[in-house]
Each structure stands twice: as C-alpha cells, then as structure tokens.
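Here you get one chain, nothing else, as structure tokens; it is the form predicted on its own.
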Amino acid sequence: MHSDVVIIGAGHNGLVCAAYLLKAGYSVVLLEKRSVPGGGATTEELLPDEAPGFTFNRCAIDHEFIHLGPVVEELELGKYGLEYLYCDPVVFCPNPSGKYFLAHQSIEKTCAEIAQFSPRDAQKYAEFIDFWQRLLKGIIPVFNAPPKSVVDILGNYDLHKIKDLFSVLGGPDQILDLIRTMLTSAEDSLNEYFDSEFLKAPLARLASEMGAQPSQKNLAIGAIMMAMRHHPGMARPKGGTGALTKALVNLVQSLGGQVLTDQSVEKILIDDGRAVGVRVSGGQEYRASKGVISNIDAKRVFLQFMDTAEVDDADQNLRERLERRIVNNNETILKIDCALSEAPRFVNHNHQDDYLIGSVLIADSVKQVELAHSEPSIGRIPDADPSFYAVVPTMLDPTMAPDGKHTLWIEFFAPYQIENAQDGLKGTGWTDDLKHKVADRVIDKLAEYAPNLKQSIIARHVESPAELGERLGAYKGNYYHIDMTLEQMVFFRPLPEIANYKTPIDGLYLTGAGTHPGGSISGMPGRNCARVFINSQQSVVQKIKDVRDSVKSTVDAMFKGK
C-alpha cells in the first residue's frame, strides 16, 4: 500500500498531525497496534459482563492543555462530534483535619473557600495564581510552535502576550528572581506563598502530575498546573476522552485518510538513508513517498524499529545518547476503574455532590505526596498511606453510565519495576495478585473519607503499571514517553539534535508525548510536527514568503494592540 505519509500510532497527536497533512493535500495512512485508535485517549467498556453500559477513560481524563492552542478551532472538531463540558468546581481535596480545599474555576470563589480556614492564604492564593497565569500566557506561543523555529514562535505573539511576558520578566532583578524561581521546586514555591497544609498538599499533588515529587529542583513550573484550571479551565469531552479521538478519526476519514487498527509496526524501512515506509507484524508493508512520522517514543523508533547500521550511518552517537542520556524515573501508574451503584459521599467534609465534578485529590500532607512520588523511583510501592488522584466522571457526564449509576477513575502512582523483583509481567514484579492487593489499599484509603464507597462497587478493573506499558506500548510504562523534567523539555525534548521533530534519517519525523511540548492532551506535538513536515516540502521561495508573512502579521498585531 502506498501513500505520501505513513504515521506510526493513531494516538491523538498522530491523528492531529494527519488532519493537518490531509488538509494540506497529502495522502496519509495511520497504523495503530491496538484494535481501537486513540492511544492514551480512549474510552472503553471495560466490564461488559459485570457492568454493561459503564464506559471508562483508560488514561487521560481532564483536558487543559488543548485549550491553550488552536487545534479544536482550526480543525473545527465540533463539526465532527466533539463537545467539551467544563468542570466547576475543578478540585476537591479533603484533609484529615476536617478542612478541605475546594477550587472553583473562579479565582474569587476559590479564595472565599480558602478564607474560611485561612484568610492569609486566601490572599496569597490570588497572588500565586496571578503570577503563574501571567507566565503561562507569556510562554503559550512557545508551546504552539516548533521549539527551534524562532519565526514561528515570534509569529504567535501579539501585544497582549508580549505584555504578559514582560510583566513577569520586568527589570534585571525581576528576571534573575524568575530564573531562581524556575530553578527551585514546586514545594519551595508553595512554601514561599502558603502556610496551610490543607492547601499546600493538593497543590503539591497537582504539581507532581509532571511526573516528579514536589521537592524536585528545577521543576517549580509544576505549580502552574493549578493555574490552568482557572484559565483556560478544565474540561472533558462529552462521552469521555475517546470522543476527542472519535472526532479526529471522523475528520481524518472525511478528508480521505486511512486509520488502520491491529497493525503493529515492527520495522521502519530505510532505503539509501531515507525512510520509505514500515513493515508490520505479519509482513505487510506500507510505503510512504514523502515521509514516515512516528507517534511513539524515540527510543523504540531508533533502538527497536531500525537496524543498528542504519542509525549509525545517519548519526553514530544517536543510539548511545538515546540509551543513556534520556531519563525515566521508574514512576508510572496503577489504574483503577470502578462501576458504582452510587457516588462517593464525603460525609465529614460538608459533602455536596457538586464537589465531585472536578478532580478529587487524596493528599493529606506534602510529605505524603512526596513519598507517593519518591518511593516509585527506587522501586517501592507507596501504598502504606496512599495519595492519589480520583474522578467521578459521571457527576459531570451521566452518559457514561446507566441512569443513576456512576463510575470512579483512580490514578495511583507506582513503580514500573519493583525493587528486587524478577517475577510478574516482563519481570517487573507485577502479578494479578499484587495489583489487586495494592488496589484494595487505595480503595481502603478513599473509603476513610467516603464510607459508602465499598458497598457501592458493582465491579472494578485494575491495570498494573506493567500492563499499562504493554497496552500503550510505552517504554517502561512512561505515558509521557520520557520524563517531563526541565532538562528534557522544549529544545531538549527528547534530545537537542532531534528536538524539532526532524531526525537524521531523511523523511523520518517524530511527534507525540516525547516531543515538544510534551505529554498530556494538547494536540500541540501533532500540529507542530505537521508544520515542520509541510515546511520541509516547500520550495525556498515559499519559505521566504512564509517568513515575511509571519513577521508582518506579528508587527501588525503589535501596532494594532491585538
């Protein structure tokens, strides 16, 4: 089978990339190893026998990053069935003291909630969010452009974004202070602003969604995760995260693209130093006249899908740098999905059903959150006093369960490789017995806050870190492909020499979570990669015209104050 482009993996970034290429006139085939497209963005009926009619988001659930870019609007995904439902409140975190953190999309309402327990922290919260939101607005243009393309980045700035950036940068002392802040940890930043544990613990838990403990230096930017829940806000596709995938598939197919499932790529075909297609399990070959784009991580692309000599001929240092330079800290996820007869009730924390619309965080203290993320790095399961992220999706979207019933989504951080273990799946130590014992402890912890939980569980599905890695095809179960630490972001992601989506192999491109700007549901890696691919196909005259137009639009926007 022949096409202009073959894309390995039909995750949401691969589908976004395909959509932009199809709109530009290229023919595209996407190859997905699973029987359903979407990668980490699927919604499936996991328990058809025990709990028919209950659907579950198998990975991603809360969408913020995608609303920082133009993907939904540019691709007009609403026309293809996508409808976003915004969460409000956005976070609920009960504390053992009887206090609780309840965050609304409104900063003012959130401050009022905090003020009933700590007036000082309520005032500081407004300052905290203001700082991170101004920084966010100032750096959004960098997210929505290839990291090495100065022209594209500048073209994304208008007067308002420039003002936001300079409001954070300020004079020389303010610039140095910003750099110092970025070099500290999320915990340092939280301690600088706040006194109260009931507030610091959930903010630390959200900051750790970057995939590292809150004390990790150089990762203070994790504190921005809460700011995004106020603006642009946190939303979920109606029908589950898989509805985003479904809309993208509808768009791709309407433009003539092909999405082929049960196609496990085994080898990228190289001819005279150029990627010309792929071979899948069973021997079928898919040829590409203009390029191959990988939606999977760079390690698998270069260390598993290509011959050593083919990689070395292009860059003799690349294989060793991928093997030894890229950092993965052994932290991944044990995932628990439950079908419930009724929603959890937090009877000791002024329970209101609305509190369950957003994320429910179990974060009793910053120390508890620290252990939840530091122990997996050395192979230990942090389940003595579990901290985790839970959602009751049906509180916002009742369509995901039978009438009056609910679902429960739990993300518990755990090690991929358990220390001193050699048994279990892939020798990781994860057996069916162990994963259920850990899930029991997580459920026990949640039931301390919501005593009706256990009696309401109709059925549950538990996926170990090793199983998640197998399903996603993620290296060591890392759903971000590689860690989201500062030294592996922007033009360092995944390595400086392959950070701009192009690779030393002519016609081979990278997209997905392992490329700029990283993991989560954003579509930005797919959009940016498409930009680089299309630009590489243009003539020099067209490239010069694009640069001129970009500079002109930036200048016009600045002078018009747009």
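Quick note: we count residues from 1 along the sequence shown, nothing fancier. What you are looking at is a predicted structure, and each value in this text was computed from that prediction instead of being measured.
From this point on, the text means the form predicted together with a small molecule, which you will not see here.
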Ile8, Asn13 and His481 - do all three of these have some heavy atom no more than 4.5 Å from the small molecule in the model of the complex? yes
The small molecule in the model of the complex has a heavy atom of only one listed residue within 4.5 Å, and of Tyr286, Trp132, Phe101, Trp409 that residue is Trp409
From Ser106, Gln455, Ser264, Gln422: within 4.5 Å of the small molecule in the model of the complex by heavy atoms is Ser264
Within 4.5 Å of the small molecule in the model of the complex by heavy atoms, the stretch out of 34-42, 496-504, 47-55, 527-535 is 34-42
Though only this chain appears here, would Pro517 touch the small molecule in the model of the complex if you measure heavy atom gaps against 4.5 Å?
no
Hey, in the model of the complex, does Arg471 get a heavy atom within 4.5 angstroms of the small molecule?
yes
If you check in the model of the complex, is Ala60 within 4.5 Å of the small molecule, heavy atoms only?
yes
Q) Is there a non-hydrogen atom of Ile521 within 4.5 angstroms of a non-hydrogen atom of the small molecule in the model of the complex? A) yes
